[in-house]
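A single chain comes next, written as structure tokens; it is the form predicted alone.
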Amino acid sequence: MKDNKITIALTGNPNVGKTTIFNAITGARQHVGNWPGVTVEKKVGTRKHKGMDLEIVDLPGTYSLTAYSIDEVIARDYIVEEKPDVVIHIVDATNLERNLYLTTQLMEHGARIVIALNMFDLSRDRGDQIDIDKLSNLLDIPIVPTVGSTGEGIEKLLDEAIEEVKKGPHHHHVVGYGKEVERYIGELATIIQKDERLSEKYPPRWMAIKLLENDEEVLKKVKGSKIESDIKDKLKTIDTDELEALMADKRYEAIGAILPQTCSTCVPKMSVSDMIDKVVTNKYLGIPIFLALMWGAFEITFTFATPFMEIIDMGIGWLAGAVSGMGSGWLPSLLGDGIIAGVGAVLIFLPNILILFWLISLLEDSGYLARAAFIMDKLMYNLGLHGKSFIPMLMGFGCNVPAIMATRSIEDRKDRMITILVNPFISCGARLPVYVLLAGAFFGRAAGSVIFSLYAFGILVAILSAMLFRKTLFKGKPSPFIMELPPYRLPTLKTSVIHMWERGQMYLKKAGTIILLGVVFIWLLASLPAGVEYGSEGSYAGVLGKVIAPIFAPLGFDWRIAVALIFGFVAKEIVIGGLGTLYGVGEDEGALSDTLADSESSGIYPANALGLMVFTLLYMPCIAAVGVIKKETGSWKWTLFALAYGTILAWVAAFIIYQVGSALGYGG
């Protein structure tokens, strides 16, 4: 504690309501960034309580302090390295045995802990009788029952956190591992104490336990120290694999000794969650139910978004026309034809993004998405993907950037790399405007089926690529998928709206930065050199297009499409803005659709229109996704491979579609 400021870390297993507690504590006083060095979301919020300034850090969910996935490494390292003033450990009151496993590890480290016994209403409703005072005395940790969704217990939780900070140092262990293991722990701890730098920074007993658990991150901390050789020599004499399992058993034995004294009727009966799961996770009904829910989510998204899209379209069209008509100089053209028209073409689709993410948030907060991953596990395994790959793949329909970031929860590196490399083939929301425009212009009533087929084709390419990568680049079988299904919960409006707005902000930020710069640059290329006809072959855009046109000619794409696709690398939405600029119709999407549909003047026919949609689906992901791929893989080699593989695949697919379509009479 420093200057009345307390840093509180929130930790806990996934799906225990940690984010709900975080939102209940901080409200709107929070911001989202990334942890240093990795594109993993970092949430930090503030709160004033009893005259103290509280900084709340929401750590990624973790099952233990033995770090495997990136999420677990970040959560563990923050507690170990940053040493927050107090850790609020959020425990699911309906699943004490599983959740208290992390508690034992926090106690071994010596962190100051307060337990938030969350979802206490669900535990109470099913008849559990938890003696909180006795459990608190046995663990020597303050325990506060909470209901994050209603805010029950939050004030008391903060009171206890402040009181805990004022106490002296806590004990450093609670579990006795038996005579043999304790001897090894003691011997390793004695060696660690010889290095003052390590022993002052980390509890020697805790380090010894982690070394016996083969914790790679702790082994790295020992590397280069003066005790490295002594530690390695000692570990060579110990069967650490056997000890790791034995130590886990001892922790559960300790929990098993505590629970019967503190909790009666905690063995769950058939709950409502169990009864629902019998249907939604059924091996015959599970996948059809999931597909029906996803179809419903997309149908609701597009149905409810349409009126709002039309209103935004009318407003932007009027504004762009009014501004560009204010004069004949370069400034009205830049503002109207460039900035307002280009960015406006992206903002039109904001309602789709908000509604879709709100619906996905409802499914996630209810506990259903965990079931979706569970029912898809067998299918994903057979395709060479990990069960946890399903959630990032699903998120890819909204945006590939957070979807690729979500792969951090996959422990095995091979599984994670495959998921990252195939995720860009999932149709993100940025590609949707291209599909809607071209399918509407060239396929009439069949437009909906064409768009659905593009989504399905992207999934097929991702699956086939995953199978190829598994057999060549990342040989071996996916690691087993073990997950805990949380109880169903009624989502709260506040939490779902916060999740929706977080994603909406990302989309708006993108429109106001990357896309804005992109459309202004295209406007410059289309307007220069001075005196040239706007967007003509004599402009710099035309010159660039003529240079690269031979690459795209076998696909039936002219220079204007080539330029739009090149700048689509910045953001896929720019493809629409680029076509509008280069075909001379600006912000009027209706006029652009009519212009493209006039095949004689546009040079676009059903065959190359379908090829253009497929090319947009498969070729290199946007620049933001490329940056995330680099961050998450840590390698330019794999980033460039992803770019090259997708682009070559896109060219070949579009070539086949155009050539076959032309042979059948659909190519002009």
Partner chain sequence: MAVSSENKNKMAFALMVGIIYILFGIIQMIVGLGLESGITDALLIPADIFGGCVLLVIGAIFLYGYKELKAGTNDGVAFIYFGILLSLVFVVIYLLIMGADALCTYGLGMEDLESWTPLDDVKPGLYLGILALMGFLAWKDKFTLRGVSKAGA
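Positions refer to the first chain, counted from 1. As the structure is a computational prediction, the values presented were derived from the model and not from experiment.
What comes next is about the form predicted together with the partner chain, which does not appear here.
From the list 444-452, 571-579, 145-153, 203-211, the contact stretch for the partner chain in the predicted complex under a 4.5 Å heavy atom rule is 444-452. Contact annotation: Lys546 falls outside 4.5 Å of the partner chain in the predicted complex, judged by heavy atom distances. For Phe567, no non-hydrogen atom is located within 4.5 Å of the partner chain in the predicted complex, even though that partner is not displayed.
Among heavy atoms of Lys250, none comes within 4.5 Å of the partner chain in the predicted complex. Put simply, Ser199 is far from the partner chain in the predicted complex: not one heavy atom of it is within 4.5 Å. This chain is drawn without the partner chain; in the predicted complex, the residue among Ala322, Leu460, Ile551, Met275 with a heavy atom within 4.5 Å of it is Met275. Between the partner chain and the residues Ile132, Leu259, Val280, Ile238, the one pair within 4.5 Å by heavy atoms in the predicted complex involves Val280.
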